[in-house]
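Considered here are two forms of the same protein chain, supplied as structure tokens in two stand-alone entries, structure 1 and structure 2.
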Structure 1
């Protein structure tokens, strides 16, 4: 079984993001493998190991620097990687079309993994569009997965602690959530091995991408500024504790 994992090269969440020309970010920062994709990779490797003869292929659409993310994926256990080179950004509609074309050119997917979202755009659209193009069932924010002979059983987490179990025919698309597993991070030996492994590079113009029927465009990027107003809480210890509890209930809404 060929197991494809769609991974994304994203800015480090700890980096300072500077917006330029109101539509792009300054890319002179650290980029890395999307954290949710680490869960997808870990699960793909687990499924591969339970099904002899299977292989895990990491697929990424991005600039030349995105090869680092492919190699990170291989260090985490992917057997090989495919980088689709592009110098421009793509919306989820184009991205899904490109990923589908690259996967079909490479082989026949028995299972496709993604993270439930990317930490940069947070659109949560690509996996659904990919499933629609392949006509595969899709489930996201998966917290438990069982692959049987001809089907998959997946527990998906929803807000409010609700968990729903889905039964899907194979092939299908799985959007990995944080609750699915604990990512297995690579050893030094894994990293060295991944540096020597070949990465298949595809040039976007060489792929016969069908024209998109719709498109989305970033109109403007606006930095999110958090305005915090400190408030002094006075009184006895008991009064202060009661006020804090009230704030957590009424304002923060965490209890």
Structure 2
């Protein structure tokens, strides 16, 4: 079985984001594998190891630097990688179409893994678009996965502690959530080995992607600063408690 994992090269969540020209960020910061995609990859490797003869292929649409993310994916266990080289950003509609075309050109997916969300775009949708293009079922925020002979069972986590189990036909698209597993960090040996694993580079124009009917474009980025003017609540513990209750009642009007 060929198992594809979509991995995105994103700014390190600890990095300081500086906005330039009102629309872009200064990309002179560390980029790495999208955290949710680490969970996707870890699960893909687990499934592969249970199905002899399977292979895990990491696929990324990104700039040249994104090869690092593919190398990380291979250090974490992917057998090989595909980098679709681009110079610009793409919205999720285009991204899904490009990923689909690249996967189809490479092989026959038995399973596709993604993260539930990329931490830069926070789009929460590429996986569903990919599923629609392939006509595969999709589940997001997956916390447990079981692959059976003809179907997959996936537990999706909802708020308030609700879990729903979805049964899907195969192939399917799995959007990994944090609860799915605990990614293991690669050893030096893994990293060395991954340097030798093959990465196929595709040029975007060669994929001949048709224009989409819809488009999403960032027209402005604004730093999210917010400064509040703090007012002290003082007194004894019971004074403070009383004042807080009063604020909730009279000012916030929530009780």
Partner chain sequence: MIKHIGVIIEQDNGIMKAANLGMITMARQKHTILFALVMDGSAGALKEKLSSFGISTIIEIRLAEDFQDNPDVRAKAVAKAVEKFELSALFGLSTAMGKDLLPRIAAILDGSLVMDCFDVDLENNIAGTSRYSGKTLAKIKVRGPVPVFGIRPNAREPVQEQKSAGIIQFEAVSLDSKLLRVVKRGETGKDSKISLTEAEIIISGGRGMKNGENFNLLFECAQKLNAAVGSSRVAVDSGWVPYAMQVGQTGEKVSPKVYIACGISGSIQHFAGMKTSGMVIAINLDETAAIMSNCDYYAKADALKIIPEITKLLETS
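Numbering follows the first chain given and starts at 1. As the structure is a computational prediction, the values presented were derived from the model and not from experiment. Think of the rigid core as the biggest set of C-alphas that the two forms share within 1.5 Å after superposition.
Of structures 1 and 2, the one that is the form predicted on its own: Of the two, structure 1 is the form predicted on its own.
Core-aligned, is the CA shift for residue 243 between the two structures 2 angstroms or more? Yes, because once the rigid core is superposed, the C-alpha of residue 243 moves 2 Å or more between the two structures.
Did residue 25 shift 2 Å or more between the two structures, C-alpha, core superposed: No.
Having superposed the rigid core, state how many Å the Cα of residue 234 shifts between the two structures. Comparing between the two structures after core fitting, residue 234 shifts 3.4 Å at its C-alpha.
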